[in-house]
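In the form predicted on its own, a lone chain appears below as structure tokens.
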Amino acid sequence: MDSPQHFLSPQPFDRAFLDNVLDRAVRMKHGADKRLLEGRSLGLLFFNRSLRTRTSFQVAMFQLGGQCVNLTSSSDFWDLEPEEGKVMDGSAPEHVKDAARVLSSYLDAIAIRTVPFGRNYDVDRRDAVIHAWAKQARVPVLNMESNVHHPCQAMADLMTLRETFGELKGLKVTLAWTANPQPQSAAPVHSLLTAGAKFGIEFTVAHPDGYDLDAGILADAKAEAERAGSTIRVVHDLTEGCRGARAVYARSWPSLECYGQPTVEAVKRSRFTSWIVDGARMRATQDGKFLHPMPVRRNVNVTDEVMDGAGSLVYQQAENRLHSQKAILATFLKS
């Protein structure tokens, strides 16, 4: 049997492939390809909480004529061991290998959201759990957010930017770290940077000292950007980062210097409460639009003025999760 094609990150796919998915998403948003997945089944496995992702995937499959099987680790199953050759005398009563092969016999695809980041970034950045599922499954595995990537969010982000600005090449987009009481995953930013670089987006990454993105992902994105004729720059001042941008994409992410040390990280984070996207910073842009992958902490990540303003694309961006995921499902289920 041929190995299935998985969607774990945007990295393995070229611009033409991603462009085709975006084109299909636009057609689907306007009513094309209804009930394309009649009789097909998608398993949703959540090791972490979800609002938009769970709902949009369920509605996507329903609108395409298929069905979802919803599974949540806290209530529907248990810890699963991802490590090969492990003596399973710990908390996990079942191996990913066995769960993946059984579910592959029931389902046409498996979509997974893994556990949130933990104590050791060198371990977490390997995304061992999602890769273990992809290795063992006999059907496509779709990443609904892992420690490192959130490719479904990135496709909705690109769709929203393309709808708003048309051509993506040369578009100036700022990825802005913002204050937050608790660190969030950098996965949405990693995936948008990875995918957007292939389209030639001119990214500025603005974050405080000590809040660097994954060095390997940033280096790969810079190489992709160079091939596409664009650049990626990093600044440590939010106002400077917003200056001249056509879009500001806000997100908080953890300090890798304090990774796995929540108390130390909280003290460090408390020094940067001024990192909020407000009206003054948006006025420094070039008639800029505001994006955020949500959930949003109002008046912490972004002010109400910006969130509810005419330049906010947040709800359009969230709606596009539905349409871009329909295109992803149609593509990877090979309909």
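Since we're looking at a predicted model, the values are computed, not measured. Note that residue numbering follows the sequence shown and begins at 1.
Same protein, other form: the form predicted together with a small molecule, not shown, and the subject of what follows.
- For Ser50, a non-hydrogen atom is located within 4.5 Å of the small molecule in the predicted bound form, even though that partner is not displayed.
- Using a 4.5 Å cutoff between non-hydrogen atoms, Asn147 does not count as a contact of the small molecule in the predicted bound form.
- Using a 4.5 angstroms threshold between heavy atoms, Arg113 counts as touching the small molecule in the predicted bound form.
- Residue contact check for Gln153: one or more of its heavy atoms lie within 4.5 Å of the small molecule in the predicted bound form.
- Figure note: of the listed segments 52-60, 65-73, 306-314, 279-287, the one touching the small molecule in the predicted bound form, with heavy atoms no more than 4.5 Å away, is 52-60.
- This chain is drawn without the small molecule; in the predicted bound form, the residue among Met294, Val300, Val26, Val267 with a heavy atom within 4.5 Å of it is Met294.
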